[in-house]
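This document opens with one chain alone, in structure tokens, the form predicted alone.
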Amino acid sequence: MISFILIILTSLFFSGIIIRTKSRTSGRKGPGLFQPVKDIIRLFKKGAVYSKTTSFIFQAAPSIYYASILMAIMVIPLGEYRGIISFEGDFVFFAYLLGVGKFFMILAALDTGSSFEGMGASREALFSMFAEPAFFILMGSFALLTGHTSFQEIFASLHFGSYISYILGVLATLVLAMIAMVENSRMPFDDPKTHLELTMVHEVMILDNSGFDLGLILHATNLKFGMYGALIANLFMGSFPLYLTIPIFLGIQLLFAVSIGLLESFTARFRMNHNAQYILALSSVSLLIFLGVLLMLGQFS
């Protein structure tokens, strides 16, 4: 329950920190820290408009997408404190909860009958498909290293005490951070501020969403950032007491948000036809982690 509450709270300022970081690096003051949340609240107060060509799938998809992310957040622990949902193999359950939400958003984009939204749905499905192996190889490697298959037991059993383990921690952080950028269609894989349908991914998928539904989708992005930030934080929290765990968690979330803002400020978007190979390269990094785990376990001796 503690992890769930902290991720919800983190989602309130995560996008604001990213925007303020980008504003500062470009020499601008930028909007207030909670402006993205205010925009979402304003959308929640508005009614949704539905095209006559859409069915109930389009109307239900945003709620299912949002609910799937909330359910996935319930699986994430906080150091040695279990998530609301915790069992052996829960990281598989976590991945496929996100997959269910993404599946319904893709169906909703196709349900509009728009060729542009179908194109965006195709790209998002492809990118998620290439990012998924990296996550499973990463978590499978840590499951092999610790002998456990649940998030809480894996993270509680992780200990960094050698050069190899520190390298594995850095590589795992990189993989999770890049998966977060892929899943949220952010730079360098997509530009959330672009308005050219031919190069848009997630944004073109939700062109027909409005009002309350659009607010759910935008808040879901903030929740997903907080969710992946929590996974990164769990890599380094171990079994610290609660009065140390919470500041470490918040500090890593802050660092993660600032890092995203800096990345988006100083990098250009990858060429669209090269995105797939860059995302697939994350699996190669995860394989390096797997080889490092085998080395730590003495499988090469």
Partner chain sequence: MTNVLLIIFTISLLYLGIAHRLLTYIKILTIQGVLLFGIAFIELIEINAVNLTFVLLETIVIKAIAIPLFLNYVMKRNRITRDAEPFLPNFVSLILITLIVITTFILSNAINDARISKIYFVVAISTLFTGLYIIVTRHKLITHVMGYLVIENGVFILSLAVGNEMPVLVNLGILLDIFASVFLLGIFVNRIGDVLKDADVDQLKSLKD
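Positions refer to the first chain, counted from 1. No experiment lies behind these values; they were computed from the predicted model shown.
The protein also exists as the form predicted in complex with the partner chain; that form is not presented, and the subsequent description refers to it.
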Legend entry - Candidate stretches 206-214, 163-171, 150-158, 181-189 - the one whose heavy atoms come within 4.5 Å of the partner chain in the predicted bound form: 163-171
Inset, instruction - Consider the chain as shown here, without its partner, and state which of 135, 104, 116, 130 has a heavy atom within 4.5 Å of the partner chain in the predicted bound form. - result: 130
Inset, instruction - Taking 4.5 Å between heavy atoms as the contact cutoff, choose which of 246, 276, 232, 263 touches the partner chain in the predicted bound form. - result: 276
Inset, instruction - With heavy atoms only and a cut-off of 4.5 Å, decide whether residue 8 touches the partner chain in the predicted bound form. - result: no
Inset, instruction - Flag residue 294 as yes or no: does it have a non-hydrogen atom within 4.5 angstroms of any non-hydrogen atom of the partner chain in the predicted bound form? - result: yes
Inset, instruction - May I ask you to check whether residue 12 falls inside a 4.5 Å heavy atom distance of the partner chain in the predicted bound form? - result: no
Inset, instruction - State yes or no: in the predicted bound form, is some non-hydrogen atom of residue 25 no more than 4.5 angstroms from a non-hydrogen atom of the partner chain? - result: no
